[in-house]
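Heads up, the chain below is alone and in the form predicted on its own; it's given as structure tokens.
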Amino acid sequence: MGRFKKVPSSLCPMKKPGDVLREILQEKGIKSVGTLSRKWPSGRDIYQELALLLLEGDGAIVELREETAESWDLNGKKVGPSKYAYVRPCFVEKFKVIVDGSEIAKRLPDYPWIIVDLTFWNRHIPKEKDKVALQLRETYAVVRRMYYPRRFAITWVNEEFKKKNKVPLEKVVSYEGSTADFLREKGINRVVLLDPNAEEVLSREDLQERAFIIGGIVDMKGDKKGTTAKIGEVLEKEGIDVLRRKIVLRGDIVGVPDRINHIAEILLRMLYGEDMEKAILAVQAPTHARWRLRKEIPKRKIRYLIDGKLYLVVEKELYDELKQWLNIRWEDFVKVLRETGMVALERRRIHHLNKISVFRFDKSGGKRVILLKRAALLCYNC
């Protein structure tokens, strides 16, 4: 039921409201639910959206006197008639209520919390503040789709943010005080701070913690390096134990999406059991992949000095290898080759060049020297 793989409860106490709703319906022997309202959820997980409607007080699931014409089973597939249906608040009193928001709320765990800390809001220029507001709106959409908005908190909320804000603050936890005060109110004394400059990588054991903090930081000017670490320093002064952790792709942060909403989605996917690499690739855009491509391709270059001219060559097959763990297209590969002044040759051609060349050491580590002019014709960009 649902899109994300579950992990043992000892490692992951979180549950989606949609999963809780399915559990309740299964216990009551209800196999499908119809509707008497035009307002019916759509998307990848209709029971997640339906559960959120109930939690927000927007209706209930009731027992009908006559069956609906159609309904949706617990996998979201449209099936035949059903005695049970979702109705809007104005019709609830006319029927026997089977499931409402309060029943779902009782079963939802109190954690983990996803917290965006706006400590350094005033360090941003106006355009950056607009970006923060936009990314928070997209983070809300991610949390609504994948988790529960009432476990999404924004701290250090001020009046300027409220004016720029695009998030329905009544559906999340909007906290005007400090993150430390919020954590104390929730009885939490240790958190994971997601920091790209941390020394340690986010591990499966870290996912047992009750709160995860993402810095509400956008760095268009390039003057905020190390700012996330300062959030941790402030918390530690307040007596909060901070675990600084980073998200990496094969040991490097290059290529890891850095938008607030992307970080939140990677984290949520890991909380639901996906490994880090798979979670990153689920949200990685070609732009992020090209960042990493610019770093990976030069590692594999071969230097050829052909008739006095230097060529930087990589295997054409490298594209297939990198494509397995980067969301790249062939045009991305070619674009980066041109940016770096390199050429791609088929492996068999490189083997031929190696046969007719002599390796010589130099200050750059060495190169293969070919004296044949005609060999230069083999080097072209694919």
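Bear in mind the structure is a predicted one, so any value in this text is a computation, not a measurement. One-based numbering along the sequence shown.
There is another form of the same protein, the form predicted together with a small molecule; it is not shown, and what comes next is about it.
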{"property": "4.5 angstroms heavy atom contact with the small molecule in the model of the complex for I217", "result": "yes"}
{"property": "4.5 Å heavy atom contact, T228 and the small molecule in the model of the complex", "result": "yes"}
{"property": "Residue contact check: K224 to the small molecule in the model of the complex, 4.5 Å heavy atom", "result": "yes"}
{"property": "4.5 Å heavy atom contact, I253 and the small molecule in the model of the complex", "result": "yes"}
{"property": "Per-stretch contact check against the small molecule in the model of the complex, the hit in 292 to 300, 176 to 184, 105 to 113, 194 to 202 (non-hydrogen atom, 4.5 angstroms)", "result": "194 to 202"}
{"property": "Position in contact with the small molecule when the complex is considered in the model of the complex, options I263, A85, I306, L136, heavy atoms within 4.5 Å", "result": "I263"}
{"property": "In the model of the complex, the one of R245, K131, H288, R144 near the small molecule [non-hydrogen atom within 4.5 angstroms]", "result": "R245"}
